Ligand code: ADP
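Coming up is one lone chain in structure tokens, specifically the form predicted alone.
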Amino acid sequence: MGNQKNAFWGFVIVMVGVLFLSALVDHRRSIERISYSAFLKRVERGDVAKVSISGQDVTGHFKNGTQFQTVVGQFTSDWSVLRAHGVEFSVENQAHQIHWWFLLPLLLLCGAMGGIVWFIIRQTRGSGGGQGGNVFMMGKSKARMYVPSAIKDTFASVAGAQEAKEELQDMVEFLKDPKKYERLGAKVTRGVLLVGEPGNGKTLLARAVAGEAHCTFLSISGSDFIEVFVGVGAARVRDLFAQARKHAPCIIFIDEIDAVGRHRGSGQGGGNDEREQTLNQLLTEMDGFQTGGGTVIVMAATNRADVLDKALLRPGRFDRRIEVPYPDLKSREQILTLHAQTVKMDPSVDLHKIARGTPGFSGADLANLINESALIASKTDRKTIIVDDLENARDKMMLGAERKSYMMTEEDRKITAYHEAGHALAILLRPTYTDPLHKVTIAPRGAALGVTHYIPEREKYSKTKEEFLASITLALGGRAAEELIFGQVTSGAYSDFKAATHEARSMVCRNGMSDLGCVVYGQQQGDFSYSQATAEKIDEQVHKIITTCYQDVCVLLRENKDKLDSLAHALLEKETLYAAEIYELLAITPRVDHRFNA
């Protein structure tokens, strides 16, 4: 808005100057130029009222008010003519006369041009967001500097990521007391690459290192180096490291370094590509750069370490790679506990159970889960956040918003109820190799007409063959229930088939759990590492596994049709049933809730 006002007033000033100059030009054009002989004739006729004589220039007014101008050679012999006809005249000293009317247009023009130049410079500086947008300071780094007193984050601010924090502790100790390492000749790495999916806390970890070491923190994105002008990126890299040396001890943090650190030779401009020049300068600066007696550590973050240039990852540059994975069960509980401190959580909420129900959630997802639950509680004017708010927030994040306006026919509701009941019974009747059931609902949410939730008891880093088969059986339970009750099938089981096929193919191609033996059949960049005949055998094994599991679940549901009917009718009545209600309804012994805190 401010730039628009500046543009408006700049335009007004320029237009006023142009109009003034136009009026001045028109004024000069209104003076009548006549010859000297015509001037004398008009004097003799008595038309001239007064004249002003300056050297050879004569200006004056006729009696009708019109201005005139003429030029003479020698005027002294004509004084008597002017006196005889009553013309008022004056003589000016030409040596002391300043022709302001001639200088004023030039001054106004210079002022207008200066104003335009000033306006362009100001607009250029303002439109770029700081010094990086100033065309005269384009080579300056766009890094944001945080002084030690402004950094409040420490390792206590980072829940989970215990292994990453332990590895980064070396950086902290080195920044605090470099002589501790130098006295034994040790060289602590000064380049640390944080690798992990978005939302897992890479930037937070970098700030925590600066907070723990109480040193200056320079933060910049990889894309901030690149401009359309050749050489600007390299200049910004030089300026960044110059600032870091000036404020050492210091941490340089480059977020999304893959924007500037990709393999060289991939750009359209070859070696002259601006991005590659920037990368070359970065490699040069990191290759044993001098810090003037201070300590500078370069930290970078990416989720695409595979595309980084090899020279960037060699020893002496980013030679320490720290993985920042998705949080495990214990870390998720710690993250939820940390963020729950900022909201009013009901004491009855079991965050351990919520953590079990959020496998695959990143730290940012868990923070958003707490915030979404607070928003849901606020809409209902509750004073605290309860379990239902967290459940609704999780379902919204995983499946989408509840579709309250979606009107299902009674037939569709019945099919959906039996479909979800089939999934639930596949869990309840095969409890050994499946995760505990949590709840079943037929309330439409997102693209799903219903969903069966189960909560893992613990983090699983490997799966047995029986667990793979149980997962496939669970996925096929919905279609089996439809066929058993209605004698027909619908298209609602597509996602179930997709999950079952993925599990079966994983058993055959990667885990050696089929008749094809302990061989990995891989595929890289569209090329298969096996023959067409082997591909046909893989398809046969996948089909065999899925067919066998489907037959098993059909038999299981047929033998327990009464339980299937009872659960489906209860879903039609209540829409959502939790595990405790289902255990009581079907007279099944509740599964023991095992907790693994390690």
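Computed from a prediction, not measured in an experiment: that's the story for all the values here. Residue indices: 1-based, along the sequence shown.
The next section is about a form of this same protein that is not shown, the form predicted together with adenosine-5'-diphosphate.
At the 4.5 Å threshold, heavy atoms of residue 386 stay clear of adenosine-5'-diphosphate in the predicted complex, well away from it. Residue contact with adenosine-5'-diphosphate in the predicted complex: residue 367 places a heavy atom within 4.5 Å of it. Contact check for residue 419: no non-hydrogen atom falls within 4.5 Å of adenosine-5'-diphosphate in the predicted complex. Interface membership of residue 200, defined by any non-hydrogen atom within 4.5 Å of adenosine-5'-diphosphate in the predicted complex, is confirmed. The listed set 158, 296, 164, 427 contains one residue whose heavy atoms approach adenosine-5'-diphosphate in the predicted complex to within 4.5 Å, identified as 158.
Among the residues 204, 516, 397, 484, the one placing a heavy atom within 4.5 Å of adenosine-5'-diphosphate in the predicted complex is 204.
Residue heavy atoms within 4.5 Å of adenosine-5'-diphosphate in the predicted complex occur in exactly one stretch of 212-220, 333-341, 174-182, 431-439, and that stretch is 333-341.
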